[in-house]
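A single chain, nothing else alongside it, follows as structure tokens in the form predicted alone.
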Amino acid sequence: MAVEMLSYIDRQSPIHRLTGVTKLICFMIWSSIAMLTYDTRILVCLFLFSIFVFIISKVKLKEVAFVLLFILFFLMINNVAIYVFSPQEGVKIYGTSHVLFEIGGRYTITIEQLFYQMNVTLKYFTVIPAAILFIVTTNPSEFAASLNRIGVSYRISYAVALALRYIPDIQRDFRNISLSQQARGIDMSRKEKLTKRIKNAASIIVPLILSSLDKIEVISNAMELRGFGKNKKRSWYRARPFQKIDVITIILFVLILLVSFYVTLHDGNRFYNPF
């Protein structure tokens, strides 16, 4: 059976035992630290901690490998774009210039630029595992309850939960439609030319869109018939109370936030300058 991307993966792990509220708060703290700091020491520590958390979550790398590769591809494009549009950004930030070699014009490879782009990459490596873990270890219904618990309207919370639940459904429909079209003789393999494969993809995408719209209509009609949105509040079947592990985890992440802010801002500069 094909592995469904970004769908809930049920495991018996400390990460899965945390409530959705706890994971949401911790993810927001983690993302805030990664966005704020350019201190390499903090980013390396956060990255190593992300790997540790990923290991104890018992989520297998192959289950999220495609998503990781997809993100890494765009990360590579992002790094190339940074250098193309601002090849001297590192020199401006760190105030020195150690040229390794020149390409031509303003395009030179400096240690400062490489160090700056390494920090940008570390920021992505810090957030990406946390974001993926948050999605695949949190039940969509529990996540909706978590959003509602921190003040988000239950209508919006339920819409987010439906969107997360719909990700594996879309993948399943795509595979089924693709197999059906291939059985009818439509070739999507690499044997066909790229232009032909793009044209054949329309025979999958169009039915997929139509089936998705049909499901949306069925769900919206069902919710309307059941009076969804009539009341100001609602109860949640998957909501869980805070436990000791949740309190300890939130305190730990708050301490990490405070230490990171102190190390980053104690000299008035977000950038760690080893030069």
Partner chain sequence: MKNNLLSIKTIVAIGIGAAVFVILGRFAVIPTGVPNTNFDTSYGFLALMAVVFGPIAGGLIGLIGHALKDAIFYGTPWWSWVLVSGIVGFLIGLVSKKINIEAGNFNVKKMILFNVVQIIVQAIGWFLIAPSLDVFIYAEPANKVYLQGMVAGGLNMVTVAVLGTLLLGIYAKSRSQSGSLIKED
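Everything numeric here is computed off the predicted structure, so don't read it as measured data. Numbering follows the first chain given and starts at 1. Each form is matched to the other, and the largest set of C-alpha atoms that superpose within 1.5 Å is called the rigid core.
The next section is about a form of this same protein that is not shown, the form predicted together with its partner chain.
Peer 1: Exactly one stretch in 205-213, 53-61, 40-48, 243-251 has heavy atoms within 4.5 Å of its partner chain in the predicted complex; which is it?
Peer 2: It is the stretch 205-213.
Peer 1: Though only this chain appears here, would Ala65 touch its partner chain in the predicted complex if you measure heavy atom gaps against 4.5 Å?
Peer 2: Outside the cut-off, so no.
Peer 1: Heavy atoms within 4.5 Å of its partner chain in the predicted complex: does Leu114 have any?
Peer 2: Answer no; every heavy atom of Leu114 is more than 4.5 Å from its partner chain in the predicted complex.
Peer 1: So in the predicted complex, does any heavy atom of Phe85 sit within 4.5 Å of its partner chain?
Peer 2: Within the cut-off, so yes.
Peer 1: Residue-level question: is His98 within 4.5 Å of its partner chain in the predicted complex, judged on heavy atoms?
Peer 2: No, His98 sits far enough from its partner chain in the predicted complex that none of its heavy atoms falls within 4.5 Å.
Peer 1: Does its partner chain, in the predicted complex, lie within 4.5 angstroms of each residue among Leu69, Thr110 and Asn273, using heavy atoms as the measure?
Peer 2: Looking in the predicted complex, the three residues Leu69, Thr110 and Asn273 all stay beyond 4.5 Å of its partner chain (heavy atoms).
Peer 1: Heavy atom within 4.5 Å of its partner chain in the predicted complex: which of Ala159, Ile150, Met118, Met76?
Peer 2: By the 4.5 Å heavy-atom cutoff, the listed residue in contact is Ala159.
Peer 1: Listed by sequence position, which residues of 156-171 have a non-hydrogen atom within 4.5 angstroms of its partner chain in the predicted complex?
Peer 2: Ile156, Ala159, Val160, Leu162, Ala163, Leu164, Tyr166, Ile167, Ile170, Gln171 sit within 4.5 Å of the partner.
Peer 1: Establish whether a shift of 2 Å or more occurs at the C-alpha of Ala145 between this form and the one not shown, with the two forms superposed on the rigid core.
Peer 2: Superposed on the core, Ala145 moves its C-alpha less than 2 Å between this form and the one not shown.
Peer 1: Determine whether the C-alpha of Ile177 shifts by 2 Å or more between this form and the one not shown once the rigid core is superposed.
Peer 2: Passes the 2 Å threshold, so yes.
Peer 1: How about Arg41 - superposed on the rigid core, does its CA move between this form and the one not shown by 2 Å or more?
Peer 2: After core superposition, the C-alpha of Arg41 moves less than 2 Å between this form and the one not shown.
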